[in-house]
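Only one chain is given next, in structure tokens, and it is the form predicted alone.
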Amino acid sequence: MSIFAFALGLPTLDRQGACIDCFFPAPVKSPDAALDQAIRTQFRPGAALVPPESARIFVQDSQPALAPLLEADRSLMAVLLPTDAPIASTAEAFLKLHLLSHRLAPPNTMNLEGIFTHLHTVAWTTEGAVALHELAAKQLRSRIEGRHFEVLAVDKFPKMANYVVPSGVRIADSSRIRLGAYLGEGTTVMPSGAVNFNAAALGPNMVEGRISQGVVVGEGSDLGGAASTMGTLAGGGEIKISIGRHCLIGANGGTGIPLGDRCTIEAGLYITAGSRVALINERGERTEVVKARQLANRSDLLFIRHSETGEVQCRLNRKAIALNEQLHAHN
């Protein structure tokens, strides 16, 4: 059986030698037989620092695209994952985040257990990752030397664009896309849009709202300004939210149930699993009231709020949305 994943890249170490960040320019998932054998011959399972010279033969024979790494004046990080096991190190966490953003693994298909344990909260700066216990000294030294040194974020996850920019996407504000986000071909993320790790816009999509961890948005769907999708990181939620193809979540709207294809939620309306929804038939008659979770994963639904009573209603959606092709075709 082929190994699960492998990567060779550049780590960032703190002064005690702990890895706080890894950059893997060309990670591999499920390599072919020849590359699998070359990896197994040269490297051991797990994460390990290796001198550039010791990786020279492997790079030249098996992954020539990584040749620039051999010019590094510090150790490289090699990560070999024989199986998709729980994360056991910072380097392994970064490899799995890279696999997502390189489109090598869709969200919710990998074991991410342990990711928060092994990702350090660090300062992401104009000079790269800095361990928090070293930040004050770094700030002082930069002032003394007259250098501009800016702290861009203090977090466990860096922004994706500093590691990989997938083909065919536009990102108006890269700080709102975490490493580990999956952006499909043709996707546009506007300034207010945000995509968390292990979340996806499969593309093409218009993203003006927030795609939370674990949420997958299907082809041709549009999240309006400030629209949101319910994730599972907080609150004990276990249902993975997905949005099907050619759906529209209106501005300031949102969903806490998975939607099928061609569904629309009107602007300002947030549907949760427990929302009471009146079903309206094609003759405009109110037939019954159900909890929204009973409508999960169904297609061709239109969720609206009655303008006089405020009642949440669900009707047959007769018109699927279509993205503006000019906005996505030439990303």
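Remember, it's a predicted structure, so these values are computed and weren't measured experimentally. Residue numbers here begin at 1 and follow the sequence given.
Beyond the structure shown, there is the form predicted together with another copy of the chain, which is absent from this document and is the topic of what follows.
**Q.** in the predicted bound form, Ser275 touching another copy of the chain (heavy atom, 4.5 Å)
**A.** Yes, Ser275 sits close enough to another copy of the chain in the predicted bound form that at least one of its heavy atoms falls within 4.5 Å.
Q | Partner proximity in the predicted bound form: Glu113 to another copy of the chain, non-hydrogen atom cutoff 4.5 Å | A | Close contact is absent here: in the predicted bound form, Glu113 is far from another copy of the chain, nothing within 4.5 Å, heavy atoms only.
Q. With the partner left out of view, is Asn108 within 4.5 angstroms of another copy of the chain in the predicted bound form by any non-hydrogen atom?
A. Asn108: no, not in contact with another copy of the chain in the predicted bound form.
Q.
Residue-level question: is Pro45 within 4.5 Å of another copy of the chain in the predicted bound form, judged on heavy atoms?
A. Because no heavy atom of Pro45 falls inside 4.5 Å of another copy of the chain in the predicted bound form, the answer is no.
Q: Using heavy atoms only and a 4.5 Å cut-off, determine which of Leu202, Ala78, Met230, Leu99 is in contact with another copy of the chain in the predicted bound form.
A: When another copy of the chain is considered in the predicted bound form, the option within 4.5 Å is Met230.
Q: Would you mind picking the one in Val130, Val169, Ile257, Val216 that has a heavy atom within 4.5 Å of another copy of the chain in the predicted bound form?
A: Flagged contact: Val169.
Q) Of 46-54, 62-70, 295-303, 32-40, which is the one stretch near another copy of the chain in the predicted bound form, taking non-hydrogen atoms within 4.5 angstroms as near? A) Heavy-atom contact with the partner occurs in 62-70.
Q.
Suppose contact means a heavy atom within 4.5 Å; in the predicted bound form, does that hold for all of Phe6, Ala18 and Leu104 with another copy of the chain?
A. Checking in the predicted bound form: none of Phe6, Ala18 and Leu104 is within 4.5 Å of another copy of the chain.
Q: For the stretch 105-144, return the residues whose heavy atoms include at least one within 4.5 Å of another copy of the chain in the predicted bound form, in the order they occur.
A: Counting only heavy atoms within 4.5 Å of another copy of the chain in the predicted bound form, the contacting residues of 105-144 are Phe116, Thr121, Thr125, Thr126, Glu127, Gly128, Leu132, Leu135, Gln139, Leu140, Arg141, Arg143, Ile144.
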